[in-house]
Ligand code: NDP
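Just the one chain here, the form predicted alone, laid out as structure tokens.
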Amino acid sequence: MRKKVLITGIGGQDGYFLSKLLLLRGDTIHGLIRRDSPNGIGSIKHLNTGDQAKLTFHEGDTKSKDFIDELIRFSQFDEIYHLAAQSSVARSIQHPRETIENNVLGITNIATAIRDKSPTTKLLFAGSSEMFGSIVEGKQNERTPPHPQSPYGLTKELGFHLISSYRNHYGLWGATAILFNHESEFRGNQFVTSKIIRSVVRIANGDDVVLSLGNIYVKRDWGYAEDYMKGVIQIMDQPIPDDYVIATGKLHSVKDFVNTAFSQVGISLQWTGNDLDEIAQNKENGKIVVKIDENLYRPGDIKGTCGDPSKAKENLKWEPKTSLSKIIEKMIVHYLKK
């Protein structure tokens, strides 16, 4: 059955893939973008013009209760995917109030508007592994106690509990997709993975560039955004709402990411030194291409979290399809074209 869907934060990488997938099944897509967004429709510009023409955009702010109330009351959406958030951990540390206001008021206004104005609407909240904090042993699942170490992680924990509370107290159809790190060719420039890819491409093209990084030994469970959005849709398609970890279950360090990216453009690295003096040189010409910058270390940066997607695999028959090497290849090809 064709559904009427709202995607908040439609301009990000997840919004691109989610829109593409929902359009393929014939849904009517409405997208919410900020009036002051410097990126306009963001990654949606990469959809073909025919698909872009099928989208209906609304300009507004999820922090505005009156705006959200009216949008949801008037439109009576079948489904709402709440992706909008201030999503940079680093920015959340620098600007905690902004992050808390954006992320907490947004999900609260939307969930409350559904309860009061459109009680049959289904709501999916894009959660984050950042709510778990730093766990270097074992894997995190839906029952792992949260221990966030950043304002961003804190807001994602609160959203997770808010969805559960509205389910229990008001009968809201609400679910949280606990998304571990996921990348794509449309990843925002503020993220370290995009920074790495941009520098690697420039160095491969002959530019005299040195990639500066912070702690290259932190580890992440990296997946592909399109795979994860397929999982998100499968969560929404369930008759009974529930929360699911969406992850690969595999850990890689930032250093692994860097080595793979350089190898894919034909550059072999020679690492020398320790701690802040560690560098990587191009084996072919001896040029330093990677260095460590103490200023890029983040206080409280989590050492690593690894997801356990067993529940999603068992109940949804969902599995990640794209390896980290393939994700990096997609990112490099995209930036080479640019």
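For every residue, the number given is its place in the sequence shown, counted from 1. No experiment lies behind these values; they were computed from the predicted model shown.
There is another form of this protein, the form predicted together with this ligand, and it is not shown here; the text below is about that form.
A.B. asks: Since only the chain is shown here, I'm wondering whether Ala84 would be in contact with this ligand in the predicted bound form (any heavy atom pair within 4.5 Å).
C.D. replies: Answer yes; at least one heavy atom of Ala84 falls within 4.5 Å of this ligand in the predicted bound form.
A.B. asks: Could you tell me if His182 has a non-hydrogen atom within 4.5 Å of this ligand in the predicted bound form?
C.D. replies: The answer is yes: His182 has a heavy atom within 4.5 Å of this ligand.
A.B. asks: With the partner left out here, check for me: in the predicted bound form, does some heavy atom of Tyr152 sit within 4.5 Å of this ligand?
C.D. replies: Close contact exists here: in the predicted bound form, Tyr152 approaches this ligand to within 4.5 Å, heavy atoms only.
A.B. asks: Hey, in the predicted bound form, does Ile80 get a heavy atom within 4.5 angstroms of this ligand?
C.D. replies: Although this ligand is absent here, Ile80 would stay clear of it in the predicted bound form, with no heavy atoms inside 4.5 Å.
A.B. asks: Choose one stretch from 271 to 279, 59 to 67, 305 to 313, 290 to 298: the one whose residues place a heavy atom within 4.5 angstroms of this ligand in the predicted bound form.
C.D. replies: Among the listed stretches, the partner-contacting one is 59 to 67.
A.B. asks: Under a 4.5 angstroms heavy atom criterion, identify the one residue in Asn259, Asn102, Thr121, Gln140 near this ligand in the predicted bound form.
C.D. replies: That would be Asn102.
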